[in-house]
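Taking the form predicted on its own, here's one chain by itself in C-alpha cells.
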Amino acid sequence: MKKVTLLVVLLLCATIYAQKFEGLAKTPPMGWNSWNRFRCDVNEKLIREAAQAMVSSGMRDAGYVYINIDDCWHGGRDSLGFVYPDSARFPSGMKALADYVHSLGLKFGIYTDAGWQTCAGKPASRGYEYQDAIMYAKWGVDYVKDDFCFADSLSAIGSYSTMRNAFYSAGRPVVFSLCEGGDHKPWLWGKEVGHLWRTTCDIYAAFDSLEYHNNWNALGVLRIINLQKSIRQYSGPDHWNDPDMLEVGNGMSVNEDRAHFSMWCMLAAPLISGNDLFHMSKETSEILNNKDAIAVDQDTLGISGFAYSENGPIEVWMKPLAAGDWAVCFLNSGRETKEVNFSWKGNIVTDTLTNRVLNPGKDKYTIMDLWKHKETGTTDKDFSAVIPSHDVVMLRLSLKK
C-alpha cells in the first residue's frame, strides 16, 4: 500500500512540475503541412514526395524543416488504447516514415485533437494523452499540431496542459502547436504550454473575404492580419502568435501571395507552407524561397511588427530587427494601384513595446528592397513607389556605418 501511495505522489509531482520543452522554437517554426492543399487525401507516398520536394525546391536550405501530416492519418486504437495509422495509407508505419523524413535532414510532424474526435471524425487524444505521447515518441515525432474540435465544454488551458505534460513525461522534445482558433485567447496563457498558438479561425486562399460554414467561418488574409494588431506583445522567442498556415500557391494572385508572405514575415509568424510542393510555379517558389524576407521573419529578436500608419488603403508596418535594423512594409490593401510617398526624416518611429526608435533625421540607413533584392539608396531621400492592388513594397533599413 505504501508503495502504491508513493507511486501516486511521484506521478502527481511529475505532473505538477511538467513543462514544455524549452528552446525548440527560438524563431518561428518553418515547414509544410498537408491540410490546405490535400485535406484528407494523405498517404505515405505523398508525405515522402513532399519531403523530397522540400529538398529539391531549395526550401529546406531556405529554412523549412518540418514535414507535417494533418488530419486523416489515423487508423484506430488497439485493445490497449494506443493509436495506430491507417495501414492502407501508411503501410510502412509512422516510424519508418519519420525515419525517412529525418534521413533528408528534415523533421516530422503529426496532428491530433484535444476533443473526442478530430475535425474529420478520426480518433482524437481526449483521455489518451499519455498513450499518444508515448506513441509519438516511439515514432520519432518532432512537432504536434493539436486541434480543438468536438471538445464540448473542455477547458482549453486544462486540455493542452495535460497534453504538454504527457509530452514531457514521454521524454521526446516536440514543438507543440495549439490550434483552438483563438476562441480561448491562448496568447494570454499559451507561453507556458506550447510553442505557438492559433490566433484566429482557419485561413483560406482569398485576400480579403469571408467564407461561411455551418458553425464557423474561414478568413481571408487581410482579415487575419487585422486581428493580429492588438496581440503582438504576447509573441516572442519560443512562444509565437500563429495566424495560420500559408496559402501561397493555392490560387491567389502573385501580388496577393507576395503580400501574404511579406506580412507573415512582418508579424514574426510561423511559416508553414500549405501548397502543392511538386507543382510549384516559378513565382510561388520565388516567394517561398525569398531568403531576404525570411530573414525578417527569422530575426533573432523575435519581435512582431506593428501598424505604424494608415492612409486610405495604404498601411505602413514597422518591425524592429537585430543590430539596429528595421523592416518596413507598405501594404496596399485596396483594389486599385496607389502611389505612395513617405518622408523618412519626417517620421520618428517609436515602438512602445520595445522602446526602439527609428529616427532617420538623426541616423542614416541604407535601404534594401527585399523583393527586388537590391539597394535603393538611403533614408536621406524620401521614399516613393507605385504599389499595385493587394501588393507590397518590403524594405530593410540598415544603419549606415
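Predicted, not measured: the structure shown is a model, and the values here were computed from it. Numbers for residues come from their place in the sequence shown, where the first is 1.
Same protein, other form: the form predicted in complex with a small molecule, not shown, and the subject of what follows.
Novice: Even though the small molecule is not shown here, does it sit in the model of the complex so that Asp70, Ala120 and Lys145 each have a heavy atom within 4.5 Å?
Specialist: Result yes, every residue of the spot touches the small molecule.
Novice: Does any heavy atom of Asp202 come within 4.5 Å of a heavy atom of the small molecule in the model of the complex?
Specialist: Contact with the small molecule, yes.
Novice: Using 4.5 Å between non-hydrogen atoms, is Cys179 touching the small molecule in the model of the complex?
Specialist: Contact with the small molecule, yes.
Novice: Using heavy atoms and a 4.5 Å limit, would one call Arg198 a contact residue for the small molecule in the model of the complex?
Specialist: Residue-level check for Arg198: yes, a contact with the small molecule.
Novice: Evaluate Trp35 for contact with the small molecule in the model of the complex, applying a 4.5 angstroms cut-off between non-hydrogen atoms, and reply yes or no.
Specialist: Close contact exists here: in the model of the complex, Trp35 approaches the small molecule to within 4.5 Å, heavy atoms only.
Novice: With the small molecule left out of view, choose which of Ala268, Val174, Leu331, Met245 has a non-hydrogen atom within 4.5 angstroms of it in the model of the complex.
Specialist: Selected residue: Met245.
Novice: Consider the chain as shown here, without its partner, and state which of Tyr111, Phe261, Phe108, Phe167 has a heavy atom within 4.5 Å of the small molecule in the model of the complex.
Specialist: Exactly one residue meets the criterion: Tyr111.
Novice: Choose one stretch from 286-294, 319-327, 112-120, 87-95: the one whose residues place a heavy atom within 4.5 angstroms of the small molecule in the model of the complex.
Specialist: After filtering at 4.5 Å, what remains is 112-120.
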